[in-house]
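Only one chain is shown below, in structure tokens, and it's the form predicted on its own.
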């Protein structure tokens, strides 16, 4: 089943003076994706976000969210998107709940919905107990949670998060990432998360795009990119056995779709064109082998990032 295309850019370009910050960017993000937008500082990620939101005009090219042109229909785009910038801003001398109520009224919510939506949003991010506390007394992590609550007020279809874990302690980072993933799943919300923290992106994102010097170096499913970067497009299956014999290796090699079998200690490293774990398990049992563990080899996002940056 084909997913709906939610975000699309065509040759999106932004020049400042004589410098090209974003260079003919062609980006496609589907409904329900948690998309990791990667790149070092200065790569053009934030400029791309501002063009997607209609907050700055492209020099050339187009950007659409849910079919709305970000340049020509910015108000329609803003109604269905929520944006958390790297440096969030609130009225720090006012209570958390009052800040959210202000946002609700700015978005034209009827008064009977304001308190309900504020309470729901605070509950989702775990800040209900501090609704009456001034935001100036909040920690960095609490302010980031409040920023998520702030965009939930208008129940967006797309959430754009620019370095949402910046300045948060390790435990808070884990909680923030898990919360983002849970909200995206429950609300069926498409998320674009800009970051240069690779392990954070790998934790929750299913698709990634890597930006370097304003150009999209690579974009796609994380697992697929891992296979292409490190396995030549193939799956690598690790099989741990109590005993490995040459006869057993020969049996596995004869399975249709198996490209190669390598031995490494008590492991067999099997390169395949597809996931053949059921067939491999049957062959092992049929050959009286004792299977201890079998898993698809995982790919570190750091390895993918390093490979494509070398090519760039």
Partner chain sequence: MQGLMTVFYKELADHFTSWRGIILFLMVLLVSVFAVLGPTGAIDNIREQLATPVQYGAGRFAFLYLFSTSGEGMYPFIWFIARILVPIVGIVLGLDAINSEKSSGTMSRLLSQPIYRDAVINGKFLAGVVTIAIMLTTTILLVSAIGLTVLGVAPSSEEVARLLLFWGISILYGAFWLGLAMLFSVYFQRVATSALTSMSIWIFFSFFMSMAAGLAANVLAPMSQTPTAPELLKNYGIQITASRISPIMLFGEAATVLLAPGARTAGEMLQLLHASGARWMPGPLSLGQSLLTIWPHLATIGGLTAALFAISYVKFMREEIRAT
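Positions refer to the first chain, counted from 1. Quick caveat: nothing in here was measured; it's all calculated off a predicted structure.
Omitted here: the form predicted together with the partner chain. The next part is about that form.
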Check: Does the 4.5 Å heavy atom contact test between residue 57 and the partner chain in the model of the complex come out positive?
Finding: yes
Note to self: Can you tell me whether residue 88 touches the partner chain? I mean in the model of the complex, with a 4.5 angstroms heavy atom cut-off.
What the structure shows: yes
Check: Would residue 99 show up as a contact with the partner chain in the model of the complex if we use heavy atoms at 4.5 Å?
Finding: yes
Notebook entry, point to check: Can residue 157 be called a contact residue for the partner chain in the model of the complex at 4.5 Å between heavy atoms?
Noted result: no
Checklist line | 16, 105 and 108 each touching the partner chain in the model of the complex (heavy atom, 4.5 Å) | finding: yes
Note to self: Which is the contacting stretch out of 62 to 70, 41 to 49, 24 to 32, 251 to 259, given heavy atoms within 4.5 Å of the partner chain in the model of the complex?
What the structure shows: 41 to 49
Item checked: Contacting member of 117, 78, 236, 203, with respect to the partner chain in the model of the complex [4.5 Å, heavy atom] -> 78
